[in-house]
Ligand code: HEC
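Before any questions on how it binds or moves, here is one chain, the form predicted alone, in structure tokens.
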Amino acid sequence: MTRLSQFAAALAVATVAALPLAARASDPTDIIDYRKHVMKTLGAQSASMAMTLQGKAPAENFVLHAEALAIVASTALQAFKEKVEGGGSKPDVWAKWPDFEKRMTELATNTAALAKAAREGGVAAAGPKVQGALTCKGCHDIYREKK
């Protein structure tokens, strides 16, 4: 699969994911499962990028992982719009929605900038920006149940 076809496939998945969740899922279990998949995808792409930075995976795939991360981050907030508690999310997600929304929007903005830097300058340009772009821990500390 070429880089372009991989990116096109990721974009197609993100497009479907961006459709209003309510139009596709009314069962709370489905909503929670979808949300978990989105968040696991963010974690998987972050881990894949880390492996490229550590030399454990092909460096040329860094750009693809950064782009996939940005696409999924741009859909993540939508996965929480319906107030369905559970699945590891604390009720504070909805009780403190403006703060949660701000944090998720910042994640989407940061990862989009990271993907742009990766496209334009590769690992050398984007690698040092990874930690600043991924603000996951701060949000998890407040809004995610401890495992």
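Just count from 1 along the sequence shown to find any residue number. The shown structure was predicted, so the numbers you read here are calculated from the model rather than taken from an experiment.
Form predicted together with the named molecule: not shown, discussed below.
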Residue 117: touches the named molecule in the predicted complex, heavy atom cutoff 4.5 angstroms: no
Contact flag, residue 62 vs the named molecule in the predicted complex, heavy atom cut 4.5 Å: no
Residue contact check: residue 136 to the named molecule in the predicted complex, 4.5 Å heavy atom: yes
Heavy atom of residue 46 within 4.5 Å of the named molecule in the predicted complex: yes
Joint contact, 40, 86 and 93 to the named molecule in the predicted complex, by non-hydrogen atom at 4.5 Å: yes
Members of 92-125 lying within 4.5 angstroms of the named molecule, judged by heavy atom, in the predicted complex: 93, 100, 103, 104, 107
